[in-house]
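Encoded as structure tokens, the following chain is the form predicted on its own, with no partner shown.
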């Protein structure tokens, strides 16, 4: 689907479908009013007769409206109680997307961004349109004998009087959608294909496509030499060797400190010796969605040509049971020198992140954000709708929360208070990798904080939001919308 901006008289535009917003009071946008006038008030009559439903997201598809050269006209109801908020706008557009993307609609002209949304700029409305339509169009069928992709629009044009002013917003929106699609595809790829070496090969493709990207990959031997005992402890039970993948995006000044993104990349998590129950075990291919988010963020940032420096670190390994697996009771020595008593081999993601959070200090970042499908406790606390954020800087956590609010990709802060610290006490090592009963998401965050004391840091637990749920069949691409909104709002010149 190709997205573009197109100006011109709405009544004179030839297209398969023209999309018009209608507010809760039945008022059309500027372009809608011009089409209504050309049709001798036909739209107003239909709205007055309540042919268009009154619920947010209701649609009415009309054929060959008089005075308009579009083959079809789609009305979309927006808002409740005379107010259109960002969440209502997105919800309405999600509802309208299947009709917009009908196979007969190969060319679409949309005026949805003309709607007066109380807490959403025009640029943000354009971004939402692109993101939602790309989300609707996404399918993962590369491993099927026949393609299942639907024949949606080839051309989607957004009506804009200020095409030059909105051009950057459209470019960024498509770049974000590309990053989300990459993130989803990496997450959806089966684990017999997606292993640490396969992630390395994909990293090389991304780096070769962007002049401002530098790639470094550490192999098992190099990690042994550095002393990454926590990560290597997890990986040693697998036939698949681990990788540490490091992207350096250099879009800012040479001496400017980077933002660092760190992702958990467990390409399959069996649980190790503490093997998981069989129910849902196939979903453990999604345990590398934190890593996939880093890949997607780097891809989107490079395509947006952001004016900042970003380091992306992916700790990639597979957690499998074997004769050489690490065991409950083992003590591992991390890259930081801190020793970790293993209470449960299924608490492995935090071990990978411990070494990655220590390694990233070499880049002297001003801020570090790690992301991981880390705990089932996060799903118990916040469900599949909202992710968790915690860290050593409340302002950073608030900025991420605000970015989530703006992007429609919400997170909620949990506390990292000292009262939780005793849960990590070990009698034989510096700390244990499991915090006991209760507050599992927080004690996991407390563990990570032990390795993130040298910089401003936040941890995103995305276990509930990253993979299929609530009827979804593929990875979501979250929290990429929130993360890119945060980066653009707080880290660019």
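Computed from a predicted structure; not experimentally measured. Residue numbers count along the first chain shown, from 1.
The same protein also has a form predicted in complex with a small molecule, omitted here; what follows describes it.
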Practice problem: Would you point out which of 396 to 404, 129 to 137, 329 to 337, 348 to 356 contains residues with a non-hydrogen atom within 4.5 Å of the small molecule in the predicted bound form? | Solution: 348 to 356
Practice problem: Scan 91, 379, 122, 171 and let me know which has any heavy atom within 4.5 Å of the small molecule in the predicted bound form. | Solution: 379
Practice problem: State the residue from 73, 113, 235, 375 whose non-hydrogen atoms include one within 4.5 Å of the small molecule in the predicted bound form. | Solution: 375
Quiz item: Looking at the small molecule in the predicted bound form, is some heavy atom of each of 287, 344 and 463 within 4.5 Å of it?
Solution: yes
Self-check item: Partner proximity in the predicted bound form: residue 269 to the small molecule, non-hydrogen atom cutoff 4.5 Å
Solution: yes
Quiz item: For residue 467, is any heavy atom within 4.5 Å of the small molecule in the predicted bound form, or not?
Solution: yes
Exercise. Please check if residue 434 has a heavy atom lying within 4.5 Å of any heavy atom of the small molecule in the predicted bound form.
Key: yes
Practice problem: Please check if residue 276 has a heavy atom lying within 4.5 Å of any heavy atom of the small molecule in the predicted bound form. | Solution: yes
